[in-house]
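Starting off, we have a lone chain in the form predicted on its own, written out as C-alpha cells.
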Amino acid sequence: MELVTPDLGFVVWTTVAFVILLVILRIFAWKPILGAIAERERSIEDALSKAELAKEEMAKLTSENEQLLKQARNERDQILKEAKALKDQIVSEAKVSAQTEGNKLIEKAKLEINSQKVAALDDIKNQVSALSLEIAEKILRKQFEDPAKQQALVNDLLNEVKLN
C-alpha cells in the first residue's frame, strides 16, 4: 500500500513545486497568453466591424448603382422618345415639303404644257394660213391665166367699189 499512499513530504514538495510553477507561469506565460488572446479578440472584433462596414458600404453602393441604372434607363427612354418625336416631325416636314414641291412641279408642268399647246396652236394656225395662201394663190393663178377672166374680175371689183 505504500505505492498507493504518498508520503507527506512528497505531497508538500509537490504542492510547493506546483505553486512555484503557477507563479512562474503567471508571471511569464499567463500575462502574455492573455494579452495575445485579448489582442486576437480585438483584431477579430475590428475585422468583424470592418466587414460589417464593408457590407453596409457594399449595400449602399449597390443601391446607388441601381439608382444610377434606373436613372440611365429613364434618360435612355427619354432620349429615345425625343428621337422618335424628332423623326416623326422630320418625316412630316419632309412629306409636306415633298407635297409642296410636287404641287409646284405639277403646276409648272401644266404651265409648260399650256405654253407648248399655245405654241403648237400658233404653229398650226401659221401653217394653215400659209397653206391657205398657197392654195388661194394657186387657184388665182389658174383663174388669171386667161386674160378675159382677169378683165371680168377687175370689172366686178370696180362695180362693187362704186356701189359702196
Partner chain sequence: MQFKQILNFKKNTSSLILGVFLLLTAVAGHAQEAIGEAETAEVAHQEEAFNPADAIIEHISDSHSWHLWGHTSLALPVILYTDKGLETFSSGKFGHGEEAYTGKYYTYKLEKNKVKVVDEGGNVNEEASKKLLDFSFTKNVASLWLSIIIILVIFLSVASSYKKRVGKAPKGLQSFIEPIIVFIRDEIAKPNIGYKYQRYMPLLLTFFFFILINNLLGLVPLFPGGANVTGNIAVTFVLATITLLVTNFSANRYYWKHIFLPGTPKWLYPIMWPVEIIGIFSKPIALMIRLFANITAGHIIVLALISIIFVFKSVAVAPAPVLFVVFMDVIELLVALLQAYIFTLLSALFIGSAIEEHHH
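For the two forms, the rigid core is made up of the largest set of C-alpha atoms that agree within 1.5 Å on superposition. Values in this document were obtained by computation on a predicted structure and should not be read as measured data. Numbering follows the first chain given and starts at 1.
The form predicted together with the partner chain exists for this protein as well; it is not shown, and the discussion that follows is about that form.
Enquirer: Kindly confirm or deny that W13, L22 and E41 each have some heavy atom within 4.5 angstroms of the partner chain in the predicted complex.
Expert: Contact check passed for all of W13, L22 and E41.
Enquirer: Can you pick the one in L133, I37, A59, I113 that has a heavy atom within 4.5 Å of the partner chain in the predicted complex?
Expert: Contact residue from the list: I37.
Enquirer: Give me the residue from A29, A51, L69, V96 that has a heavy atom within 4.5 Å of the partner chain in the predicted complex.
Expert: Residue within 4.5 Å of the partner: A29.
Enquirer: Choose one stretch from 97 to 105, 59 to 67, 116 to 124, 29 to 37: the one whose residues place a heavy atom within 4.5 angstroms of the partner chain in the predicted complex.
Expert: Residues of 29 to 37 come within 4.5 Å of the partner.
Enquirer: So, A17 and the partner chain: in the predicted complex, are they within 4.5 Å at any heavy atom pair?
Expert: Yes, A17 is a contact residue.
Enquirer: Can any non-hydrogen atom of V161 be found within 4.5 angstroms of the partner chain in the predicted complex?
Expert: No - in the predicted complex, heavy atoms of V161 and the partner chain never come within 4.5 Å of each other.
Enquirer: Within 4.5 Å, heavy atoms only: does P147 come near the partner chain in the predicted complex?
Expert: No, P147 sits far enough from the partner chain in the predicted complex that none of its heavy atoms falls within 4.5 Å.
Enquirer: Just checking, between this form and the one not shown and with the core aligned, does L111 shift 2 Å or more at the CA?
Expert: Stays below the 2 Å threshold, so no.
Enquirer: Using the rigid core as the reference frame, would you say G9 shifts its C-alpha by 2 Å or more between this form and the one not shown?
Expert: Yes; G9 is a residue whose C-alpha shifts (by 2 Å or more) between this form and the one not shown when the cores are overlaid.
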